[in-house]
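A single chain comes next, written as structure tokens; it is the form predicted on its own.
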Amino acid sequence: MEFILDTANLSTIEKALDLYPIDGVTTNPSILAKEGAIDVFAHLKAIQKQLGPDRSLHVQTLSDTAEGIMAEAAVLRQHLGSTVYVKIPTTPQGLKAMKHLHAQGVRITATAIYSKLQAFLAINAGADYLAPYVNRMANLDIDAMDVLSSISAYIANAQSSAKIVAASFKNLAQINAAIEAGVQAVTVDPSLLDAIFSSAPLAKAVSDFTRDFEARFGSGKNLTNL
């Protein structure tokens, strides 16, 4: 199971990498725009440096033609190397680009997936990751978990190496349901990760352990200073 951060903020990434077992970072044009008037490629290189060689970076293209997407993919690889995953919206032109880029050995994340058939076509076009939009599907009255389960079954039946990186979450319940539906990865806003550990019962449990131990062995005592 991979946990991938959905952000381009350097300080947020630094904090999350320090705390959590993070497997990568995914960005999109809207996320990058939130960082202000940045040098985009310098910023992406900084993220890549934070991640190191063993975590993935996914960066989205903007062109709406296959030729434009392929040109952007070439520039991304020129700046970020061959390990970058090129995020491509799963449109007809996007699928065309995926086929050509896959043949060239480019790593591909198929994004903006709202339907089973989109995902099936992206798998056949050579996508390495598939990014279905969970909450956005729910808002359209689409059964997102049924979509995820069907994609997972298709991957298994096709003996494909593609992975589902479920995206667009509103709450923790959606993340849990996506994992139970068989996805291999989730891309999550860091604030949702933080929310997991902000519950009052968790804080009370930890506080109670400390209180009980100190009541027996002395204030400020722990296993290092008994």
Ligand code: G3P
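Everything quoted here is computed from the prediction, not taken from an experiment. Heads up: residue numbers just count along the shown sequence, starting at 1.
Keep in mind that the form predicted together with SN-glycerol-3-phosphate (G3P) is not shown, yet the notes after this line are about it.
Contact annotation for Thr61: none of its heavy atoms lies within 4.5 Å of SN-glycerol-3-phosphate (G3P) in the predicted complex. Using a 4.5 angstroms threshold between heavy atoms, Asn28 counts as touching SN-glycerol-3-phosphate (G3P) in the predicted complex. In the predicted complex, SN-glycerol-3-phosphate (G3P) sits beyond 4.5 Å of every heavy atom of Lys163.
Contact between Ser168 and SN-glycerol-3-phosphate (G3P) in the predicted complex is found at the 4.5 Å heavy atom cutoff. The partner is absent here; in the predicted complex, the one residue of Arg136, His79, His102, Lys116 having a heavy atom within 4.5 Å of SN-glycerol-3-phosphate (G3P) is Arg136. Stretch-level contact analysis of 128 to 136, 68 to 76, 142 to 150, 93 to 101 against SN-glycerol-3-phosphate (G3P) in the predicted complex, using heavy atoms and a 4.5 Å limit, identifies 128 to 136.
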